[in-house]
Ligand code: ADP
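Here you get one chain, nothing else, as structure tokens; it is the form predicted alone.
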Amino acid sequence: MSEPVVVIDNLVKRYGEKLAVDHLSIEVREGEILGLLGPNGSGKTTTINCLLSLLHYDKGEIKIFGKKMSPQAYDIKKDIGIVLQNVAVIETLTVYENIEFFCGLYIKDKAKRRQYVEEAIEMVGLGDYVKYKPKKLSGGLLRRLNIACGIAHKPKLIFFDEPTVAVDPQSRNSILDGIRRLNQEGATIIYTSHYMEEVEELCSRIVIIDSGRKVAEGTEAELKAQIKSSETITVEMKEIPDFVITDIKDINHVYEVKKSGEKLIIKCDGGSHNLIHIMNYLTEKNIDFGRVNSELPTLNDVFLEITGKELRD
């Protein structure tokens, strides 16, 4: 097993009487993409700020690359890249000049810096825009620039906080491809997003926090195995008699049945032939129905069942 790059041990952060981070412990191992999820107000941002020594915390210990993190730990910070949700670039500089400026904060050798800048530009697909200033870029291109500025110095550990918010599909795909490439080249990544499909697609392991505490941790498959729902079946029906709901509730492995407009939504907690059993019942009772759809649980289902909240609440 690879060594931990980040160790958060029993972290506590209070704002007055409010406990924002409640004895939180997390490890991030070398080479993984860790998805850090939590509803608004869960303590996710506070945890990251403590991790980066941007906030003082009340209790616990944080180590990065095996060393204790502190505001003065510049030997650690030089190997960290940060891509925040809010774009942070210099409006008076061109795309190339922005990336060179931020890279130059860490890389003093001019030839090496030029190589790193060009590689960052190629990775985010900004080769046709190097002479543009930020105000001339679309939202998607601006976020690509923001990423290039944060990773041009080739950090070993990178934080991505909502990097694809409000971007076009082409830029989103480019950003996700770039993150995969960074990881393949050796970077360890901590990734936060409200888009569950991105987390499913990218992350090798996921931590869910709520009210400042870790409430679940594991791979996507491990998290899905922790929840009750194993299958959701949707049946389109113009008329849904009450007896149908009662009867279907009595079918083995069905634990919830509810109406939603002209749809019957059926949740199952196991079983391998739930769809067949339900269709057999409807056919035997001569009940008219339209399209039938079966879905396995998604990461969003996991999040909702574990926290009781939508990610965007």
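Note that the structure is predicted; figures quoted are calculated from it, not measured. Just count from 1 along the sequence shown to find any residue number.
The protein also exists as the form predicted together with the named molecule; that form is not presented, and the subsequent description refers to it.
Discussion item. I'd like to know whether residue 45 contacts the named molecule in the model of the complex, with contact meaning heavy atoms within 4.5 angstroms.
Written reply: Residue-level check for residue 45: yes, a contact with the named molecule.
Discussion item. Although the partner isn't part of this model, could you tell me whether residue 40 comes within 4.5 Å of the named molecule in the model of the complex, counting any heavy atom of the residue?
Written reply: Yes, contact at 4.5 Å.
Worksheet item: in the model of the complex, does residue 24 have a heavy atom within 4.5 Å of the named molecule?
Response: No - in the model of the complex, heavy atoms of residue 24 and the named molecule never come within 4.5 Å of each other.
Worksheet item: Does any heavy atom of residue 18 come within 4.5 Å of a heavy atom of the named molecule in the model of the complex?
Response: Residue 18: yes, in contact with the named molecule in the model of the complex.
Fill in: Heavy atom contact within 4.5 Å of the named molecule in the model of the complex, the stretch among 32 to 40, 60 to 68, 248 to 256, 275 to 283
Checking each option against the 4.5 Å cut-off leaves 32 to 40.
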